[in-house]
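Given as structure tokens, the chain that follows is alone and in the form predicted alone.
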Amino acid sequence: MSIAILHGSTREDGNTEELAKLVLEGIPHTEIKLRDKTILPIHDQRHDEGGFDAVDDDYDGIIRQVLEHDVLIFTTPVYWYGISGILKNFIDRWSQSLRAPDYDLKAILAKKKAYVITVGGDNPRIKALPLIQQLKYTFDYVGLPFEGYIIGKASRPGDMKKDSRAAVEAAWLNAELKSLV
């Protein structure tokens, strides 16, 4: 069982990545840092006769890499009470993959497991819930089983170390993932 983590933060080694490191400690995984990739916003052609035009960016390579893994972990800071823009661009492009002629996105995703790790500074265990709900609805739409999430509380760099509750939840998820691999 292989794990891919999609980092949706624009900050290197930020609090969200710190929490993700706790979750994945001692577990082999593939890291995909979306901030290091070029993923253009979607040009919506879902209803066009010919479907989507090819786009010259990194999306196709990323989605193919993601689809090779059994467990997908999506990480994002809470940005204005939602997911980061770079993660949103990646997910928006799933519309393009839903019409891909060479693979069935929903059938492939249905065989995987998804988890979410998010961190915010402004009462995130309440205010990040719409973000969790947004991703749950997205995962439901494509048939991707949503297995759980962790919400951390941190604002400034290094604050993640102060959130003992998130550390306990990270240990739980670490054990859960270790039982899968």
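One rule holds for the numbers: they count along the sequence shown, beginning at 1. Please read all numbers here as calculations on a predicted model, not as lab measurements.
The same protein also exists as the form predicted together with another copy of the chain; that form is not shown, yet it is the one meant from here on.
By the 4.5 Å heavy atom rule, the three marked residues Thr30, Gln65 and Asn174 all fail to count as contacting another copy of the chain in the model of the complex. In the model of the complex, Ile150 approaches another copy of the chain with a heavy atom inside 4.5 Å. Put simply, Ala100 is far from another copy of the chain in the model of the complex: not one heavy atom of it is within 4.5 Å.
By the criterion of a heavy atom within 4.5 Å, Arg165 is counted among the residues contacting another copy of the chain in the model of the complex. At a distance threshold of 4.5 angstroms between non-hydrogen atoms, Leu144 is out of contact with another copy of the chain in the model of the complex. For the partner-free chain shown, Asp122, Asn123, Arg125, Ile126, Lys127, Leu129, Pro130, Leu131, Ile132, Gln133, Gln134, Lys136, Tyr137, Thr138, Tyr141, Val142, Phe146, Tyr149 of 112-149 come within 4.5 angstroms of another copy of the chain in the model of the complex, judged by any non-hydrogen atom.
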